[in-house]
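In the form predicted on its own, a lone chain appears below as structure tokens.
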Amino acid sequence: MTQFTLWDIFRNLLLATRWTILLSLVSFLGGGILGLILLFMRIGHNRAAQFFSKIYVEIFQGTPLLMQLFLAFFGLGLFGINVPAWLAAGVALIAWTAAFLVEIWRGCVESVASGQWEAAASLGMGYLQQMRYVILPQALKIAVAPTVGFSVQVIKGTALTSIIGFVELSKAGSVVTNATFQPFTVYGLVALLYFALCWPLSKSSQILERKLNVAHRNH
């Protein structure tokens, strides 16, 4: 029987971590772009766009990510379309991430004092100019910390993609465990790698929140 050293186990898990990082980046960037579009729909003056954005958020926040992954992977299969696991994982996580980011950012925009809108309007600025030059720069400072903090949830969410066959860190942990019969060692290393990914982001979010809050109060 093949003997696996601690380094062999760690190396295999480290290789799978690359896919966790890549999927997290794709999900966060893609979700950010989609979330920004939905944000402008939500805070705009078009009632139909507002309604669509609101329903989108309620659907994706109100249903489990696991179910969304199943629908993305198996749903198109009902029509004879073969969807690769990586594509289904990316699409589901982008859609899920966008639903949360749009609400984080909407709260940040709405936290800007109403007097800022009035001051911008008194200068003759249109809606887009108000958003670009007055509201969004202030909302951005408020949004940085919770946005960075939410990236931790995206990384953790990638673990669920193992259920549809995408080989990321948690799936690799299961495969390596079946090969080595050392579940405590393997899952201990998996937990350590997740901690190494998530802890710096959590700490950064706390530091940014403190710094930006102090700057906001001083201002």
Partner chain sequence: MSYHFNFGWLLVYYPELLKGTWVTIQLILIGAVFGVSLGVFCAWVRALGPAWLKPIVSVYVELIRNTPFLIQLFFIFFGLPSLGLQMGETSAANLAMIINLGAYSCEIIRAGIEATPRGQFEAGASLAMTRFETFRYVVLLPALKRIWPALSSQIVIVMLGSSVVSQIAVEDLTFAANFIQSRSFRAFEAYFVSTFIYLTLAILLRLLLKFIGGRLFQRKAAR
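Positions refer to the first chain, counted from 1. As the structure is a prediction and not an experimental result, all values here were calculated from the model. For clarity, a rigid core is taken as the largest C-alpha set superposing within 1.5 Å between two forms.
Keep in mind that the form predicted together with its partner chain is not shown, yet the notes after this line are about it.
Contact annotation: of the candidates 167, 179, 159, 37, the single residue with a non-hydrogen atom within 4.5 angstroms of its partner chain in the model of the complex is 159.
Within 4.5 Å of some heavy atom of its partner chain in the model of the complex lies at least one heavy atom of residue 71.
Its partner chain is not drawn, but in the model of the complex it has no heavy atom within 4.5 Å of residue 107.
The closest non-hydrogen atom of residue 21 lies beyond 4.5 Å of its partner chain in the model of the complex. Contact between residue 28 and its partner chain in the model of the complex is not found at the 4.5 Å heavy atom cutoff. Within 4.5 Å of its partner chain in the model of the complex, a heavy atom is found for every one of 61, 67 and 190.
Shown here without its partner chain, the chain has 174, 183, 184, 187, 188 in 171 to 189 lying with a heavy atom within 4.5 Å of that partner in the model of the complex. With the core superposed, residue 81 shows a C-alpha displacement of at least 2 Å between this form and the one not shown.
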